[in-house]
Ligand code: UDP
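Read the single chain below, which is given as structure tokens and is the form predicted on its own.
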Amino acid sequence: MKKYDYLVVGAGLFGATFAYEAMKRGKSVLVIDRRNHIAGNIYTKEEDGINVHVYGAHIFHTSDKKIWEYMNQFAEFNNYINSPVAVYGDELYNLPFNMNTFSKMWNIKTPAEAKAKIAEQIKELNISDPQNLEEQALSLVGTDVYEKLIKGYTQKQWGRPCNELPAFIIKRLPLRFTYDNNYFNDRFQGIPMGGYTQIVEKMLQGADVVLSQDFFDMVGGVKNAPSAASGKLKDGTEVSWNKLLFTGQIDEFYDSSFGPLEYRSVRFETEKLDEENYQGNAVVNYTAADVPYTRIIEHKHFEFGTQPTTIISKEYSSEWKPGVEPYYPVNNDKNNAVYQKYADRAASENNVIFGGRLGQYKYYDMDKVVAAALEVVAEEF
């Protein structure tokens, strides 16, 4: 029996950050992951000299200087600025919604003209109490921006018409009345030179890491998970641990005892192209409903690549079902109420910690993942 202080289930950013900090404090750590690689959804894989974001675009951005400096100890970040563009039919617009967008859409030049146009459209709609996402968006940005840049994209993301989605999904839609295409407002932004996988590799140095290892198989089934303190790895090695950090689905951990939680998933179609530059930008959104994918990523542009060929990925949103990778929690009132039951049960556990977007049923940007992991570390040690 090999004994560890901590078993970390999930080799993504949350689990790796916790493992790194635990080992700094002299703790022994075993990290396992269902997948055949580390780094979770931030996994990057080098192909033809291009670091491919295998699970979609990941752009690190934060306003927290401590988190920025923390990440920079593991990699040097470049000066990439996220400036996506949107394609609607044969029209192309800058994102986020800014003066470049409005100038192209209405052939105007000044912020006053843009504000007047939006205000005119909002007034004509006369929506005082938005009852769904469509009405909420229309009441914030008017008809043109909604129809061309929000409606089809959102419908594809959520798999249902905007007038069937709750209004609270869109609390606000940032309108910038400057000619600024920087998508984020954060002070710090960039892509690690050489990709993200190297960061997690450095974090996990010193840990025992077992890949293609399912936690529930290891402990003899889902029903044993909450009480498990030992198990058997796929090679037959018996292991035990004092405490468990679980970054998988919290509802799966508790055998869906309060009912299943809903997730959205994403499917990627990645292909190599024998051309130097396919779309001229790392991220291009396709906002029309009749285009089946939501966006195309051209990976080389994240690191200003000059390779003679290129690699692109088309992203398709879909409903989650067992056996498919869950990406986004569906944080509506119904799911949040179910999650709260799981969270209440989790709070009573003495030897289990839940973390990450699946363990805490919460959408996290990468900087928030690291911050949340460090909060757990501060509570633990």
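Small disclaimer: the values here were computed from a predicted structure and weren't measured. Note that residue numbering begins at 1 and tracks the sequence as displayed. So that the term is clear: the rigid core is the largest set of C-alpha atoms that superpose within 1.5 Å between two forms.
Missing here is the form predicted in complex with this ligand; even so, the following discussion is about that form.
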Quiz item: Are Leu92, Gln279 and Tyr316 jointly within 4.5 Å of this ligand in the predicted bound form, each by at least one heavy atom?
Solution: no
Quiz prompt | 4.5 Å heavy atom contact, Trp158 to this ligand in the predicted bound form | solution = yes
Quiz item: Within a 4.5 Å heavy atom cut-off, is Ser139 in contact with this ligand in the predicted bound form?
Solution: no
Quiz prompt | Contact of Arg295 with this ligand in the predicted bound form (heavy atom, 4.5 Å) | solution = yes
Quiz item: Could you tell me if Tyr153 has a non-hydrogen atom within 4.5 Å of this ligand in the predicted bound form?
Solution: yes
Self-check item: Position in contact with this ligand when the complex is considered in the predicted bound form, options Gln198, Asn285, Asn100, Thr309, heavy atoms within 4.5 Å
Solution: Asn285
Quiz item: Among the candidate residues Ile169, Ile127, Ala228, Val291, which is the single one with a non-hydrogen atom no more than 4.5 Å from this ligand in the predicted bound form?
Solution: Ile169
Quiz item: this ligand isn't shown here, but in the predicted bound form, which of 103 to 111, 255 to 263, 203 to 211, 142 to 150 has heavy atoms within 4.5 Å of it?
Solution: 142 to 150
Exercise. Taking this ligand as it sits in the predicted bound form, which residues of 122 to 138 have a non-hydrogen atom within 4.5 Å of it? Please list them.
Key: Leu133
Quiz prompt | Yes/no, Gly259 Cα shift of 2 Å or more between this form and the one not shown with rigid core fixed | solution = no
Quiz item: Does superposing the core leave Leu133 with a CA shift of 2 Å or more between this form and the one not shown?
Solution: yes
Practice problem: Note yes or no: does the Cα of Ala75 move by 2 Å or more between this form and the one not shown after the core is superposed? | Solution: no
